[in-house]
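Below you will find one chain, with nothing else, as structure tokens; this is the form predicted alone, and questions on how it binds or moves follow later.
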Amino acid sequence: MTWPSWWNLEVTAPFQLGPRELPGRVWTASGCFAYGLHAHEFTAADCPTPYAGLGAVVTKTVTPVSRAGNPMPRLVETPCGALNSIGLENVGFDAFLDTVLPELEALGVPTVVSLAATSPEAFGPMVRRLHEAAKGFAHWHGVELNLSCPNVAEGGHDFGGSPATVARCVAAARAELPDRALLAKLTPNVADIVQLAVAARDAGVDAVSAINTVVGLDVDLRTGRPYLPRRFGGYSGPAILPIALAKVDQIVQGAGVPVVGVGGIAAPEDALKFFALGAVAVQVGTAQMRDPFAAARIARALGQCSSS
């Protein structure tokens, strides 16, 4: 394509996000590049490494205790995306601190840690322990709060739907994170996402990530039942790009908080649309699951066009 005349952002240059300088503006999304550990041996003719030019790898979400995840199948491809019901499968917080995060640091992976908890106040102790364990790490840049998880203390509804609960989650984490970036990942499955962004902003977040997956369902006509055992899943991929762009625009216009754009990015042109609306960075999700070089190629392409 012919790159637009307004485009002059250096996406592979460091930029400031809250108290932290991150190495670039193209990231991988949580859950779509695992923990970010196991692609160093990958090579491609046009890209030396899947990490080239990345500003951050957002880890798969880590919970206080290990989780086996939901029953299989957990992932269903559709013509324009994918439905997932992974169930936050992960090694648990203790194992992550003991083994995964030190290895990420040793490998030099720019890291944002995704955290989930079962009550807003539980985020505080998790972030405190993370900060104590990794405060000397050069490549750990921040925390992304996964707020689309069930609030066990309040009847099981998602954190993400309540501005007051979003604020409590952010406040609990912010109190323990003085020198790293703090992000809140917002759900689109609400009537007014701006209220969530304002609540996160007022509680001290440095940016919001928007959007998380859209609730979806697909039916297996061979059986007449939903493909996923839990019926519903999170829908992602190219089909949700217009939804994500609309939500990001609403937040930029109505909340006055930095936004990291997520949802449907598969090509440099998709990322450009988020930047055009005012996003400070972008995350590549489903495309990264299909091709581990997707984010690196987008970063390289945008870097080339901004300097041409």
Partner chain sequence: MTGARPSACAAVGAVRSNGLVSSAFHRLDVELDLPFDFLPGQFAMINEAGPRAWTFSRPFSILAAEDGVLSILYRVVGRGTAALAALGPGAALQVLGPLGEPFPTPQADRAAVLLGGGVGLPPVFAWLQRWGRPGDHAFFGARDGGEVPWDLLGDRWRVSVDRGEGLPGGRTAFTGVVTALAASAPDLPSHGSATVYACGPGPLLRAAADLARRRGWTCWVSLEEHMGCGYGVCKGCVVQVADDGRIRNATCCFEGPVFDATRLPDLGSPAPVPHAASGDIPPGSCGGAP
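Note that the structure is predicted; figures quoted are calculated from it, not measured. Positions refer to the first chain, counted from 1.
One more form of this protein, predicted in complex with its partner chain, exists but is not displayed; see below.
Site residues Glu21, Ala106 and Val109 are none of them in contact with its partner chain in the predicted complex, judged by any heavy atom within 4.5 Å. When its partner chain is considered in the predicted complex, only one residue from Val252, Leu245, Val280, Ala34 comes within 4.5 Å through any heavy atom, namely Ala34. Stretch 140-148 is the contacting one of 97-105, 193-201, 165-173, 140-148, since its residues have non-hydrogen atoms within 4.5 Å of its partner chain in the predicted complex. At least one heavy atom of Arg230 is located within 4.5 Å of its partner chain in the predicted complex. Mapping the unseen interface onto this chain, Arg300 falls outside it, with no heavy atom inside 4.5 Å of its partner chain in the predicted complex. Under a 4.5 angstroms non-hydrogen atom cutoff, its partner chain in the predicted complex has Met72 among its neighbouring residues. Although the partner is absent here, Pro120 lies well away from its partner chain in the predicted complex, with no heavy atom inside 4.5 Å. Within 4.5 angstroms of its partner chain in the predicted complex, the stretch 266-291 places a non-hydrogen atom from each of Ala266, Ala267, Asp270, Thr286, Gln288, Met289, Arg290, Asp291, taken in sequence order.
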